[in-house]
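In structure tokens, one chain follows: the form predicted on its own.
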Amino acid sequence: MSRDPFTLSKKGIKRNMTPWLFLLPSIVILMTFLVIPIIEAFQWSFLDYELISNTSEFVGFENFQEIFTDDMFWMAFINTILYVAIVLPLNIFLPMILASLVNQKIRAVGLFRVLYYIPVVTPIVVGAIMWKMLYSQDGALSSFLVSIGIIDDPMNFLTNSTTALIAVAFITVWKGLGYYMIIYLANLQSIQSQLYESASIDGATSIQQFRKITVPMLVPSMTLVSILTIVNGLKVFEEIALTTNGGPAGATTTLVMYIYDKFIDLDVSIASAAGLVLLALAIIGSLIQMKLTNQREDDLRA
């Protein structure tokens, strides 16, 4: 008697279900905290939603028109782009250099790796307090710059509209330095040592080996770091909320701070529309970065 091809055995069903059971917790979390909120935000962005009375009215694209004519939105938009532009190159190259240094066979290298990773596990509240003290008018940074003649008078870097965004960006770089270093370090340890030995025999200097071997081999890690930096930079919140709260005069107000302020004002529909703009910006930025990095990888393989 021939077996029905459309009838699966119990063993076959179990084998097919096993991968989905492993994925189930991730799918539930993804749906609960990402997909459903995006759908809700999309819905609210086209409504005039009153949170307290729980009433709504369809208004089409009026919420988007309102945010695109809001000067504060454009200030937040420009601040966000500037913030990513400051953080991106620093997050790509500083951890790479750091990983190259701690990848050497030197004494107590494990201790250096731990020290560089400490900011990652340090609570952001503690880090913010430390940096606020460092950036204050009588802090160490201001005193040092006055002593070497770069600035004439002591200043608070977080209350100056010219330096506030840069100062907060450096907190983000400090916080992520060890995390991105680990990514580069894992990639570095997969590079065959014979490549460096051959280059040394051919007379290549350490700098030439770094440029011609290390950097090209680290391109996959650079892709990952750059995408993570763009996404995290676009949604930066804690550093700004804990140090400047968007000030002075909106100089550090980013898109997430703008959305947060709208939610605090119970303007849910405007906040949802701005959130969708931020989502679109994150997707576009990541796609552009992936395109540029893939092109770079193709050039290196050619």
Partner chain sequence: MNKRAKRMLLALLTMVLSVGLVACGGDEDTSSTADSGSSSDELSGEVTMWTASLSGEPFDSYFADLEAEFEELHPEVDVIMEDIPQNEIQQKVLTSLTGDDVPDVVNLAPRYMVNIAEQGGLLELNDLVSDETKESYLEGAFNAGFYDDSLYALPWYLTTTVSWYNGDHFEQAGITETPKSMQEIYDTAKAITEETGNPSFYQIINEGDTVMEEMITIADGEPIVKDGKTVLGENEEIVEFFTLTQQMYEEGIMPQENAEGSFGTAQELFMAGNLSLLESGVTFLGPIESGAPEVYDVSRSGEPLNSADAPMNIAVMNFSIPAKTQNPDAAVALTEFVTNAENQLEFAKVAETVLPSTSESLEDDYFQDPGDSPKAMGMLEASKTLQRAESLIPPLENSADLHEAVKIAYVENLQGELTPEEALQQITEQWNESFEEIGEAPTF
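Positions refer to the first chain, counted from 1. Between two forms, the rigid core is defined as the largest C-alpha subset superposing within 1.5 Å. Small disclaimer: the values here were computed from a predicted structure and weren't measured.
Not on display, but discussed next: the form predicted in complex with the partner chain.
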Would you check, heavy atoms only and a 4.5 Å threshold, whether Leu21 touches the partner chain in the predicted bound form? yes
Applying a 4.5 Å heavy atom distance criterion, does Leu30 contact the partner chain in the predicted bound form? no
How about Phe68 - does it come within 4.5 Å of the partner chain in the predicted bound form, if we only consider non-hydrogen atoms? no
Non-hydrogen atom contact Ile36 with the partner chain in the predicted bound form at 4.5 angstroms: yes
Can you work out which of Ser200, Asn232, Gln208, Asn156 has a heavy atom no more than 4.5 Å from the partner chain in the predicted bound form? Asn156
Check, residue by residue, if Leu88, Gly149 and Ser226 all come within 4.5 Å of the partner chain in the predicted bound form, counting heavy atoms only. no
Tell me which of 200-208, 215-223, 178-186, 158-166 has residues with heavy atoms within 4.5 angstroms of the partner chain in the predicted bound form? 158-166
Quick one: name the residues from 192-216 with any non-hydrogen atom within 4.5 angstroms of the partner chain in the predicted bound form. none
Aligning on the core only, does the CA of Ala280 end up 2 angstroms or more away between the shown form and the other one? no
Ser26 C-alpha shift between the shown form and the other one of 2 Å or more, rigid core reference: yes
Classify Thr69 as shifted (yes) or not shifted (no) between the shown form and the other one, where shifted means its C-alpha moves by 2 Å or more with the rigid core superposed. no
